[in-house]
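What follows is a single chain, given as C-alpha cells, in the form predicted on its own.
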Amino acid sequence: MNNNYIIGLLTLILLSLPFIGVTGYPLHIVITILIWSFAYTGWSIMGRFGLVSLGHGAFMAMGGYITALLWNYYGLTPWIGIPIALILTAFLAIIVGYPCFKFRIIGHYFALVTLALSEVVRQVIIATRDYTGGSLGYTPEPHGEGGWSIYALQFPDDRTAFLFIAVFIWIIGILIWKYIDNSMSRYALEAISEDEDASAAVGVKVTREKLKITVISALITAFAGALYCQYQMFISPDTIGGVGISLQIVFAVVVGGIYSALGPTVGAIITLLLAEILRISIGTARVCVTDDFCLNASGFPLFIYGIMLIVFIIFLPKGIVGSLMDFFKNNSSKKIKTEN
C-alpha cells in the first residue's frame, strides 16, 4: 500500500478518536506520540543524510522555554512567542552549524559538538533558575480564570482541541519530509554524505546545503518543543532538553526507520508506549537479586533502550518501516520472477 494512503487513513482514524469515545489517558498518549513524532521527523530530515546531531534536545528546549518565558514575563501570546523562539533557534543552529560545516567538522566530531550544545543549553536553564525554575521545571501561567484560550494557546481539560492541532503539525512534518525527499537538495545531500570534495567539484554548495537542512531540522524540533510546552503546561530540563532527550530522539528514529517518512512515527509509538509500560509496571521500585543486593529500577528503561538500540543497529539498520518495505519489495520481486 502506498504511504500516502496509509497517512490518509491514519489521519481519518486519529481525527475520529474523540467521536468514538477515546478520551482521557488514551487520548493523551496519542497526542504525546504525535508531538514527539513531529520532533523525530525533524531530526530524521537531517540525520538521514549522515548529519548525526546529538543537540536537538537544545533546540527543543529553546522552543519550549522561550515561548513560556515570553508569555510569563512579557505577556506575549504564543502566536508571537513561537515565531520569536524559532528565529532564535535558527540563529543558534547557524552559529553552531556554519563553523562546523565550513571547517569540515563531520562524523563523530560533529556529534560531539552538538552533544556539547545540548548540555550547555541544559546547564544554562539550570543556572538561571530564578527565571526558568531550574531543574524544578517551569509552568506557563494560565490565561484567565477558565484557562481555555486560543489567544494563549491553552486548552486545559480539552484534549480534543490539541488532538486536532497535533494531527495537523504531524501531517506538516511528513509533508516537509516528503518535499525534501523529492527535491534536488536530497540528491545534493546524498552526494555530500558520500564525498564532500567530489560534490563541491561538480558545483554543489556543500556548506549551504548542510546548513539549510540543519536549520529546517532545528526549526521543526523547536516548534515541537513549544507545542509540547503548551500542551503539558509544564517543562523541565529533563523532559524537554538535554542529552537525554537528544538520545531519545535518535533512538526512536533508528527504531522506526530513518529513511521513511513514517519511520519516526512508528519509532514514537514503540518508544513512548514502551516507556509508559515500563513506568507503570516498574516505576521507581527496587529490584532485589538477593536480600543484600538490590538495584534501583528507575534507570531500567534506559537499559532496555540501550539493548534495543544495539539490536536494531546490528539486525535492522533501516528500522522497522525500512525493513518491512524491503521485505515486501523482495517478496514482490520473487513473485514476479516466479510468474515469468
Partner chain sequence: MLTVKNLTKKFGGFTAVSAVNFSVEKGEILGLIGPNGSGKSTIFNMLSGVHFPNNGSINFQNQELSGLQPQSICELGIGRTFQIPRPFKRLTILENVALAGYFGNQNVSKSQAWSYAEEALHLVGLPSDPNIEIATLGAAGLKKLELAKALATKPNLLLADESLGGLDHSEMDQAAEMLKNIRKELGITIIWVEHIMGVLMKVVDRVMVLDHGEKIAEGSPEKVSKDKKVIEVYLGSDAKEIAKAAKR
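It should be emphasised that the depicted structure is a prediction, and the values quoted were computed from it without experimental measurement. Numbering follows the first chain given and starts at 1.
What follows is about the form predicted together with its partner chain, which we do not show.
S.K.: Pick the stretch from 265 to 273, 228 to 236, 124 to 132, 185 to 193 whose residues have a heavy atom within 4.5 Å of its partner chain in the predicted complex.
M.R.: Checking each option against the 4.5 Å cut-off leaves 185 to 193.
S.K.: At 4.5 Å between heavy atoms, is V204 in contact with its partner chain in the predicted complex?
M.R.: V204: yes, in contact with its partner chain in the predicted complex.
S.K.: Might L175 be said to contact its partner chain in the predicted complex, defining contact as any heavy atom within 4.5 Å?
M.R.: Although its partner chain is absent here, L175 would stay clear of it in the predicted complex, with no heavy atoms inside 4.5 Å.
S.K.: Decide whether D197 counts as a contact residue for its partner chain in the predicted complex under a heavy atom distance cut-off of 4.5 Å.
M.R.: Yes.
S.K.: Although its partner chain is absent from this view, report whether E119 comes within 4.5 Å of it in the predicted complex, heavy atoms only.
M.R.: So E119 does not count as contacting its partner chain.
S.K.: At 4.5 Å by heavy atoms, is each residue in H28, H143 and D158 next to its partner chain in the predicted complex?
M.R.: Per the other structure, none of H28, H143 and D158 touch its partner chain.
S.K.: Heavy atoms within 4.5 Å of its partner chain in the predicted complex is the criterion; list the residues of 63 to 96 that meet it.
M.R.: Contacts from 63 to 96: none.
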